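Shown here is one chain on its own, the form predicted alone, set out as structure tokens.
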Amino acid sequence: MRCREIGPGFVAQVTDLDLTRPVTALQHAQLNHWLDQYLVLVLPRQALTESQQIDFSALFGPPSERSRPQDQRVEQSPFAHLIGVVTNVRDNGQPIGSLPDGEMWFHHDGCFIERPYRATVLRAVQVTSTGGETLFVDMRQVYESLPAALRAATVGRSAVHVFDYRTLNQQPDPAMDLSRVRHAVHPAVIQHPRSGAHALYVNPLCTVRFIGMPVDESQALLHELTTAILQSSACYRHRWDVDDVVIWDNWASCHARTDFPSGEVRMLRRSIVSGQPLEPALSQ
């Protein structure tokens, strides 16, 4: 099993590993170490079944049961409680999976629940001729890049995050009725539960507002932080090939999706690793 860096300090490609065969204890430990070190691991040419993908996810923690918005789910699979399909395929006009179309802004998976997911695993089943790429940003590096005054204004604050994916490229309304959407409050700067690194934990798609701040001040701070995310040099663009498996850390990275042709099929299988409550960074 080999590992080589392919992104700006936080992405690595793992090769000479066949995930259709049992993983040794040493490989198990090494994969967890690499995920904590890099945040994003790319494993090409892994033709996994759904069961094998669940087994791979379980190397990093208990697989999480999926949240299932009832207006989208018409999937048929014995593993549907653990494996989701991210696709634009429709059956009689109804999406057979989730997040079907177009661009999707930067976000952390699971930031709207009390125990945000440790990691997400995607395996590419069908890909488009262009577009549909996944962008990743290292939120440790984003935090370190913030000017001292902006860092001081952010550390110690908490922010509200929502699940409101009716639109995938629009900032949520800070005046929304939170009783109508899934939401959770987390520190704006976290201490990573495994590595101890400090990471910014806000994003353009899900973060609504900061606790204890007037709306205009909260929106101004959020704008500065999301600008830092969008302009970060610590960004990796993954162009999918069929049978790519990618796992990423949801605590210290966020990700986005580029637009893709609506007339072509894009299908990826998604599994999730359970997480835990996030603790605030106690200092700058």
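As the structure is a prediction and not an experimental result, all values here were calculated from the model. Numbering starts at 1 and runs along the sequence shown.
Not on display, but discussed next: the form predicted together with succinic acid.
Among residues of the shown chain, F56 is not one whose heavy atoms approach succinic acid to within 4.5 Å in the model of the complex. Taking non-hydrogen atoms only, H198 never approaches succinic acid to within 4.5 angstroms in the model of the complex. When contacts are judged by a 4.5 Å heavy atom cut-off, H161 does not count as touching succinic acid in the model of the complex. Contact check for Y236: no non-hydrogen atom falls within 4.5 Å of succinic acid in the model of the complex. Exactly one of the stretches 101 to 109, 138 to 146, 183 to 191, 153 to 161 approaches succinic acid in the model of the complex with heavy atoms within 4.5 Å, and it is 101 to 109. Checked against succinic acid in the model of the complex, the residues V86, V127, L82, I113 give one hit for a heavy atom within 4.5 Å, which is V86. Each of L122, W248 and R270 is positioned with at least one heavy atom within 4.5 Å of succinic acid in the model of the complex. Contacts of stretch 35 to 50 with succinic acid in the model of the complex, defined by any heavy atom lying within 4.5 Å, are made by none of its residues.
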